[in-house]
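Let's start with one chain on its own, the form predicted on its own, as C-alpha cells.
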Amino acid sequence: MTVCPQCGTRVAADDRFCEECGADLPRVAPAAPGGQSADDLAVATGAGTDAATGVETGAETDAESEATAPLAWGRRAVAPRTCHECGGEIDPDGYCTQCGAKAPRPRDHLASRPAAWVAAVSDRGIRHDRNEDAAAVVAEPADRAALVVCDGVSSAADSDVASLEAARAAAGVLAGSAGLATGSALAAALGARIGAAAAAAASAVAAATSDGVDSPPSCTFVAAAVQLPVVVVGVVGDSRAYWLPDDDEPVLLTLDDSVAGQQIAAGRPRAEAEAGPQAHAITRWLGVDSPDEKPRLTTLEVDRAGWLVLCSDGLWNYCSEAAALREQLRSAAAAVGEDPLDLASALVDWANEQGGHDNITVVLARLGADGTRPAGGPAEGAER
C-alpha cells in the first residue's frame, strides 16, 4: 500500500488512480539512479505520460500543467490536506491529526475550467454518502471541445469507479480535431468518434468489474464532441444534454433511456411520466450486463450564441424542461455573471438548495454568436 499524493488516501501500489479524488497515481517503475523511480522523477519535473490519455507531457510549471491538463481534474499535487475545522493535518485515513474531525473527500466536490469557455462542476449532493458522478472535459481556445458526464448507478457495486474510468476513457478518445471536414461529413466524423468513445468507456467499466460480482458496476454516459459550428451528442442512460440559445427556443438534445423516457416517447406528458413509479429506472447503461451500449446520436449546428449543458439527473430532477433550465441558468447568471465555472457552481448550489437528493454534475460550454467560435470569457485555463 501507498498513499495518493493528491489527497493522502491509502491506495494499492498497482492502482491507476485514486478512487477518492480521481488523481492519477504514479506507476511503479524500476528505480532510477539515486534511488528514485522513473515516475518519481517524472512527477518532480512535470514530464511523463498522462495516465488517462497516454499523452506525453514535457517539463512544465505547476500552473502550466494545470492549464493544459487534458482532463478536468485528477492532476497531481504534493501539499498535505488541512482540516477545515482546526487547520491541522489530515492523516492517510482521512481524519485530522489534531482534532479528529473527518475531512471531506476530495471527490465530494470537484470544479475545473480547462478553457475560457468550458467548465465542469461535480458535487456529492446532500443525501448521498459519496459522489458517484464523474466528468471529464477537454477544451481548446479555438473551437473544439470534448465533454463527458457519467453517473454511476447507485444500486450497483463500485459504480463510482465505473463512472470515473468511463469518463476518462471517453474523453481520451474524443479529444482532438476531426480534420478539415465540414457539414454532414464533419457530423459523421464526430458521430463516429462519439461511438468510439462510448465503446472505450464501456471497455473501461468492464475492466473495472471483478469476476463473479452479483451487481456489476455500471454508469450512464452523455458526451458531446464540439468542432464548431457542429456539435454531436451521444447518450446511453438518463444523463442529459441541452442547447440553451440566448434568443431562440431551448432544446433538450437527448432522450432518456428510462421508463419515463419510453413513456414520453409514446406521448405521455413529461411531468406526468417523470412523476410516475419507476420513472428513473434506466433501460440502457454502460456495464457488462448492459443490453445495448451504442449511443443514440443528435447533431446540432450552432448558428447563434448560447449554452451547451451536459448534466446528471442531480440537476435536471429539479428543472427537467429545457425552458425551465434556461430560466434557472439566466437567474444564476444575473447573480454571479457568465463565467462558466461560476455559473456551473451556482447551478450545483441551487440543486443542493432544492434538496440535493442525488449527486450533481454540470458541464457548461459557452458557444459564440457566429457559430464558429466560443464566446469570450475569463483567462484560458483558469482553474479552482
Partner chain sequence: MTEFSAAVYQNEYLAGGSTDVHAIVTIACAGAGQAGATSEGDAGEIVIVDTSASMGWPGVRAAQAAAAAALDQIIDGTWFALVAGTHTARLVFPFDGTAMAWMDPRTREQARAALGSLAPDGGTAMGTWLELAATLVQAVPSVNQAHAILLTDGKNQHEQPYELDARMARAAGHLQVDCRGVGANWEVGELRRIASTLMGSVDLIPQPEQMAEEFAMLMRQAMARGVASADLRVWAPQGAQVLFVRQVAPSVEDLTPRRRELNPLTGAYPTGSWGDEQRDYHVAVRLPAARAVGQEQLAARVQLAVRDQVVAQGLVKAMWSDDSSLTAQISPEVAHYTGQTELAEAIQDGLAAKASGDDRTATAKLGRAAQLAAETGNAEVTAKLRKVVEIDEAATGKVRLRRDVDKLDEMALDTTSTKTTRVRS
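Computed from a prediction, not measured in an experiment: that's the story for all the values here. Between two forms, the rigid core is defined as the largest C-alpha subset superposing within 1.5 Å. Positions refer to the first chain, counted from 1.
One more form of this protein exists, namely the form predicted in complex with the partner chain; it is left out here, but the text below deals with it.
Participant: Within 4.5 Å of the partner chain in the predicted bound form: all of Glu85, Ala101 and Ile126, by heavy atom?
Facilitator: Yes, each of Glu85, Ala101 and Ile126 comes within 4.5 Å of the partner chain in the predicted bound form.
Participant: Although the partner isn't part of this model, could you tell me whether Asp91 comes within 4.5 Å of the partner chain in the predicted bound form, counting any heavy atom of the residue?
Facilitator: Although the partner chain is absent here, Asp91 would touch it in the predicted bound form, with heavy atoms inside 4.5 Å.
Participant: Using a 4.5 angstroms cut-off on non-hydrogen atoms, would Ser203 count as touching the partner chain in the predicted bound form?
Facilitator: No.
Participant: Is Ser215 close enough to touch the partner chain in the predicted bound form, meaning at least one heavy atom pair within 4.5 Å?
Facilitator: Ser215 lies outside the contact set for the partner chain.
Participant: I'd like to know whether Thr97 contacts the partner chain in the predicted bound form, with contact meaning heavy atoms within 4.5 angstroms.
Facilitator: The answer is yes: Thr97 has a heavy atom within 4.5 Å of the partner chain.
Participant: Using a 4.5 Å heavy atom cut-off, which of 101-109, 294-302, 250-258, 277-285 contacts the partner chain in the predicted bound form?
Facilitator: Flagged stretch: 101-109.
Participant: Using the core for the fit, does the CA position of Ala208 change by 2 Å or more between this form and the one not shown?
Facilitator: Shift at Ala208: below 2 Å after core fit.
Participant: Is there a C-alpha shift of 2 Å or more at Asp248 between this form and the one not shown once the rigid core is superposed?
Facilitator: No: Asp248 shifts by under 2 Å between this form and the one not shown.
Participant: Does Gly88 move appreciably between this form and the one not shown, meaning a CA displacement of 2 Å or more on the superposed rigid core?
Facilitator: Gly88: C-alpha displaced by 2 Å or more between this form and the one not shown.
Participant: Compare the CA separation of Asp93 and Ala208 in the predicted bound form with the one in the displayed structure, and answer closer or farther (the difference is at least 3 Å).
Facilitator: Farther is correct, given that in the predicted bound form the C-alpha spacing of Asp93 to Ala208 is increased by at least 3 Å.
Participant: Looking in the predicted bound form, decide if the C-alpha atoms of Lys102 and Trp350 are closer or farther than in the form shown; they differ by 3 Å or more.
Facilitator: Here the pair is farther apart than in the predicted bound form; there, closer.
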